[in-house]
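Shown here is one chain on its own, the form predicted on its own, set out as structure tokens.
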């Protein structure tokens, strides 16, 4: 874990509320792996007081890429930064997705949940048989599609709820068919909680190796504040920041 002053090299608006930052952060980039995240101080002042957790879309030393949607005060401040601005970044934090050599892996990404799965595909796609199932509410919520097409994937399946891009419907509508026809051995998922709960239900009895990356509000990012706990299947609690964010899918008690 490094507390590093990163320098913004590129700042892109991707349309709507979505943004992408390319940041020079050589110490973090040198050790970051798919699934890791960072805690970013979005303002030099105490407003807001706490850092914001952001997943790593990509890491190629000396750079990291942060993809985010403006949803509140913190991300609004972040969207106003420009090349040449600095950012205090703590990371890499959390655990990572396993490499699973030799296994046919389906990546299941809902909206902003593409972040750790894009990172995984960029890191391992040339050496693993990977497929991606990617969905959102509408075309505007899938702004990374052109970048995704540069990844090494053996299959790409796109869903939008309004039918404006790819197949119409929830991405979980196509999950079972893809798993069956593509002879998937394992899945890795990230997205809204309702999506992950549905994925867990659909895959429950298929005998696959399934993992999910969870999103949570965090105060510290390294296990001290206990603000990011989730209920586990055994009735205990797990801290998303340091015990996760990646968990076996069946280890979490999903609300249905």
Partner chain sequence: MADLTVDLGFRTLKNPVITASGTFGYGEEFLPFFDLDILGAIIMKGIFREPRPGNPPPRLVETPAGVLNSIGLAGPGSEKLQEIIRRLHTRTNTPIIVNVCGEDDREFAEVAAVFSAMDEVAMLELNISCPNIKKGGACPAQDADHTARLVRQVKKVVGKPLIVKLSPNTADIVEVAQAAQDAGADALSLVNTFLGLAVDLEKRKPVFANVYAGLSGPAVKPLALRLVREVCRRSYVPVIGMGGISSGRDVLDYILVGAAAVQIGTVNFYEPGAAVRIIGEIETEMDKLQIKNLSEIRGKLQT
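Positions refer to the first chain, counted from 1. As the structure is a computational prediction, the values presented were derived from the model and not from experiment.
Beyond what is shown, the protein has a form predicted in complex with the partner chain; the following relates to that form.
S.K.: Let me test this: is every residue among 38, 67 and 249 within 4.5 Å of the partner chain in the predicted complex, going by heavy atom positions?
M.R.: Not a single residue of the candidate spot has a heavy atom within 4.5 Å of the partner chain in the predicted complex.
S.K.: Please identify, from 222-230, 28-36, 199-207, 58-66, the stretch that has a heavy atom within 4.5 Å of the partner chain in the predicted complex.
M.R.: Of the options given, it is 222-230.
S.K.: Report yes if any heavy atom of residue 51 sits within 4.5 Å of a heavy atom of the partner chain in the predicted complex; otherwise report no.
M.R.: Residue 51 belongs to the contact set for the partner chain.
S.K.: So, residue 90 and the partner chain: in the predicted complex, are they within 4.5 Å at any heavy atom pair?
M.R.: Yes.
S.K.: Check residue 7 for me: does it contact the partner chain in the predicted complex (non-hydrogen atoms, 4.5 angstroms)?
M.R.: Residue 7 lies outside the contact set for the partner chain.
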